[in-house]
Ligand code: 0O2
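Have a look below at one chain only, the form predicted on its own, in structure tokens format.
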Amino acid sequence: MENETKNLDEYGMYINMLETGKRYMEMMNKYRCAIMEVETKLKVLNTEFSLQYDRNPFESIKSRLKSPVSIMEKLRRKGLPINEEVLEQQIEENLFDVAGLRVICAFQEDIYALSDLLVHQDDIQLLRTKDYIKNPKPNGYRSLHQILEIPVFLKEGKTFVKVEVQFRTIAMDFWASVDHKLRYKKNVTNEEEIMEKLRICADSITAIDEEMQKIRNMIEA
């Protein structure tokens, strides 16, 4: 019990360091700058796409920085040793989603076109791709996840920062948002039935996405 209390006290101390410590605030600033860099690149591609094809490849961009509590919880889930000397290194080397963007597109084809244009820019390095559109999770979740490493130019020089970018259609984002809210409901007695219904809904949404893509292709043929 004493060790558990000590661990909780240290856990809270490290969260406070991430929230208020100058060193860690500077680290978070790098992630903020990385988000701005990727947002700018996407907006430039959006403008160019609009001029060339008379339509926009995405509807909106959402961005977020992982909270100190979420950072600490993920480090703990990974079983990584945590102390003040290595905390910054553990975050930068083991957490790829501290900086995150979600790009919402109208059509699946635009997801792949836009993500391909983004990762082929010569200052971006693609570290990892997880395609949950072609290979959905068992619960029906669909999205294209990419881990990118991009240069950020600060007063002390150039540094490379990892950013996670998720691409979804409007329908996929709707499903994921509802699923996320339902997962935090407590005392659910018919969970298995609900999960099955959500999976069926995910399949139905995918079928609608595919039909909408066909309709667009017919219009543009």
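Remember, it's a predicted structure, so these values are computed and weren't measured experimentally. Each residue number is its position in the shown sequence, starting from 1.
Just so it is clear, the following notes concern the form predicted together with the named molecule, a form of the same protein that is not shown.
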In terms of non-hydrogen atoms within 4.5 angstroms, which of the given stretches 161-169, 148-156, 29-37, 46-54 touches the named molecule in the predicted complex? 161-169
Can you work out whether residue 176 and the named molecule are in contact in the predicted complex, taking contact to mean some heavy atom pair no more than 4.5 Å apart? yes
Contact of residue 139 with the named molecule in the predicted complex (heavy atom, 4.5 Å): yes
Tell me, yes or no, whether residue 112 is in contact with the named molecule in the predicted complex, where a contact means a heavy atom of each within 4.5 Å. no
Contact between residue 76 and the named molecule in the predicted complex at 4.5 Å, heavy atoms? no
Assess the spot marked by 97, 102 and 132: is the named molecule within 4.5 Å of a heavy atom from every one of these residues in the predicted complex? yes
